[in-house]
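In the block that follows, a single chain appears as structure tokens, in the form predicted alone.
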């Protein structure tokens, strides 16, 4: 949940570390800190409660310098947000930063206190550095002390350590929390996520679980944490460029990422479809027609916004492939002891590829012998490496905490999976598959049309920003989009909003309808159109305010034209992508007008890498 940056090289490292934190600020925001080893090999540590600007202010008053250092931006798990709980934490000659949760920290803390150690924070992280100091006192061998310390930790961690006694070395290790090593000609960088190092290198090594790396200014050594055996790793080349991770003139990252969606959709499907043959080919999915024919159940598992994408996929896969689909929240999946075997396809969905609950669900599937695949955005992420096959969404860096382009590209990846499956198993003819591909090719221009005509959506935001409650209604494949629209409004504007299947109106939600309840309805032409019109009449009869996203032309049956937004026509399976866009824009504009922190909403973090 926290952001880590480390630097060792020949240049002044302070600004590089702060720049890295700025690009990771979406991962945490309640405190920040930096530790540098200066020319005298003495630790200089500055920490601050609040956002990164506060740390920058303190550094302006009390500068630190050096060519080796670590930095951190925090999202609290153990201990309230305050300077004492901010990282880096220090004990003796050591300082470290940490992302993760140490499950046995209370027991370790008790043992250390019995040996005379006194703690100054409420964090599990301080226990790690105190234990390292204790181990060093016992063995007087730095590397062995690090290994001994990390082996005693239960839980998840990514740590980077500096040591006054070893002023030319950074040490880092990981277990179930992301950490990457960036390589340049004259320096090495460590970070929790790619954007932190993009201005300096695109050559990276993704550390595996239970790996430890010892880094000097001239090179690095990778070792297995359990037994110290050497590891070999080959660098990856990151295709993202630094400009993709910047705002590019937009007021917020979220707005930029909303407008990047047509491009992200194209990037996601263009590497998968053959435009001439109108066929779908997945290079890394490892799921051929023989295996597909053996599958008799699908489990889709995800968290948050990705869970809504999985709900849409249930409609698609069951209708096109005629295989039953279960959709689970990753945080609930293991606890229900799911029935899994070699005839079950488990597909986990995660933007970051590091989501802790989703990783755990994937491990459950692997342990029980299911066919395990993943849909992720980050190449080389933990989930991508664990799974037996992967579909990459190619959305590029998504910095805003509220997911936009990651969500729509997940919908595209799932659409392609369903079409590929149905085509490979004879459920779709070549002509039908070609039509699905053609619909997809035409989609980005329809997305552009919505994004170029936002006056009405902006007007709705200005008119209804002061309301305290919203209801979102839809049916069929648009029902999960109603849930997603409500989630977007909640998480960035802090307005209470709920999404419902419109057929459930009479089973409770209708009691809430009055003049203070705007109701956002999502309507597509087809067999459910008349039913949606009936739901709208129920809202109007109780003086509710109707805001309608309607496919095609506006309808007199809905009400005043000013409260209707005409949507481009597309297939049932791609309509969720189009209907997502105005809901994202509406939530964004309401949040801006209310003055909330759009990119870093309170109490949320981008990548939930702890359970």
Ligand code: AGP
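Please read these numbers as outputs of a predicted model, since none were measured by experiment. Numbering follows the first chain given and starts at 1.
One more form of this protein exists, namely the form predicted together with 2-deoxy-2-amino glucitol-6-phosphate; it is left out here, but the text below deals with it.
- Here the marked residues 352, 402 and 410 all reach 2-deoxy-2-amino glucitol-6-phosphate in the predicted complex, each with a heavy atom within 4.5 angstroms.
- The stretch from 331-339, 151-159, 288-296, 485-493 that comes within 4.5 Å of 2-deoxy-2-amino glucitol-6-phosphate in the predicted complex, counting heavy atoms only, is 485-493.
- When contacts are judged by a 4.5 Å heavy atom cut-off, residue 213 does not count as touching 2-deoxy-2-amino glucitol-6-phosphate in the predicted complex.
- Not displayed here, 2-deoxy-2-amino glucitol-6-phosphate is approached by residue 306 to within 4.5 Å at the level of heavy atoms in the predicted complex.
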